[in-house]
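This document opens with one chain alone, in C-alpha cells, the form predicted alone.
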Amino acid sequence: MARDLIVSPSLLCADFAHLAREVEALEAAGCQWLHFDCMDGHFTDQVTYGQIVAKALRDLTDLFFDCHLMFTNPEKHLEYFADAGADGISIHHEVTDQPAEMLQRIRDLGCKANLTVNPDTPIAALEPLLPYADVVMIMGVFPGYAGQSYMPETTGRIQELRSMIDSGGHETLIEVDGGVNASTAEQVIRAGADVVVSGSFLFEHPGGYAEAVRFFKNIAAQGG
C-alpha cells in the first residue's frame, strides 16, 4: 500500500559551519523532520551536541525536531530538550528500567514520546510499551558513528514490529536509523518503516538533497 514516508535527515552529517543554511536547504528539499543525534560520550564512544543546537535552530523552521538522546541518563535532560523546542524526544530502551514512566514524562512535556532500541534488544520487549510510544526507532547499526553499514537482520526486526503494531491496533510509527541508503532503502520501507533517518546518503547524494528525498518517497509511493 502506498503511503507518505517521512524523511528525517541526520544533522550529524550536515555542514556545522553553516547549519542555518543547511536547514533552509533541507526544508526546501521536502524533508519533514530534522534528526538531532545527541551523544553523551558514555552511552556512545563520542560526544556530539545537546539541546543548545536545537534551540539555536528552532526559530528558523517549523520542521519537526526529532531529538535522539543517546544518553546514559536521559531523565536529566528531558526538560532541557522540551524547552529548546524538541517536537519528539527519543530515549533508549537500554538505559532505563522504567521506560513507560519516562515516555509518559516526555508526553507530559508536550513532545512525542519516542523509544529507541539497539540491534541486540529483542523486539518482543516492546509490545507492552507500544501504548506509551508515539514512535519506536529501530537502530540498523549500533549507535555512535555515522556511515556504518546496515545490519541485515534489521529488516526482520522491522517486519516483526510492524506486525505487532498492526495486530495491536496501535498508531505507533516505526522509524529506522542507520545504514539506510540506495541499496537498503527498499527493504526498510517494504518491511514497514514510516520514518527513515538518512545521513551520509542524503547529504552526499550527487543529485542533491531533493533528489535523495524523492528517491525515498518514490519507493513508498510505489507501495514500499
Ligand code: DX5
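Numbers follow the displayed sequence, beginning with 1. Quick caveat: nothing in here was measured; it's all calculated off a predicted structure.
Below: the form predicted in complex with the named molecule, not depicted.
Visitor: Considering non-hydrogen atoms and a 4.5 Å limit, which listed residue (Val53, Leu34, Ile158, Met39) is close to the named molecule in the predicted bound form?
Guide: After the contact test, the surviving option is Met39.
Visitor: Since exactly one of Gly144, Gly85, Pro131, Pro119 fits, which has a heavy atom within 4.5 Å of the named molecule in the predicted bound form?
Guide: Contact residue from the list: Gly144.
Visitor: Each of Ile106, Val136 and Thr172 within 4.5 Å of the named molecule in the predicted bound form, by any heavy atom, yes or no?
Guide: The answer is no: none of the three residues contacts the partner (heavy atom, 4.5 Å cut-off).
Visitor: Do Leu12 and the named molecule share at least one heavy atom pair within 4.5 Å in the predicted bound form?
Guide: Leu12: contacts the named molecule in the predicted bound form.
Visitor: Using a 4.5 Å heavy atom cut-off, state whether Met70 contacts the named molecule in the predicted bound form.
Guide: The answer is yes: Met70 has a heavy atom within 4.5 Å of the named molecule.
Visitor: Is Leu26 part of the interface with the named molecule in the predicted bound form - any heavy atom within 4.5 Å?
Guide: No, Leu26 stays farther than 4.5 Å from the named molecule in the predicted bound form.
Visitor: Wondering, does Val188 line up within 4.5 Å of the named molecule in the predicted bound form on heavy atoms?
Guide: Flag for Val188 set to no.
Visitor: So which stretch, 158-166, 26-34, 55-63, 176-184, is the one near the named molecule in the predicted bound form (non-hydrogen atoms, 4.5 Å)?
Guide: Result of the contact check: 176-184.
Visitor: Listed by sequence position, which residues of 186-205 have a non-hydrogen atom within 4.5 angstroms of the named molecule in the predicted bound form?
Guide: Counting only heavy atoms within 4.5 Å of the named molecule in the predicted bound form, the contacting residues of 186-205 are Val197, Ser198, Gly199, Ser200.
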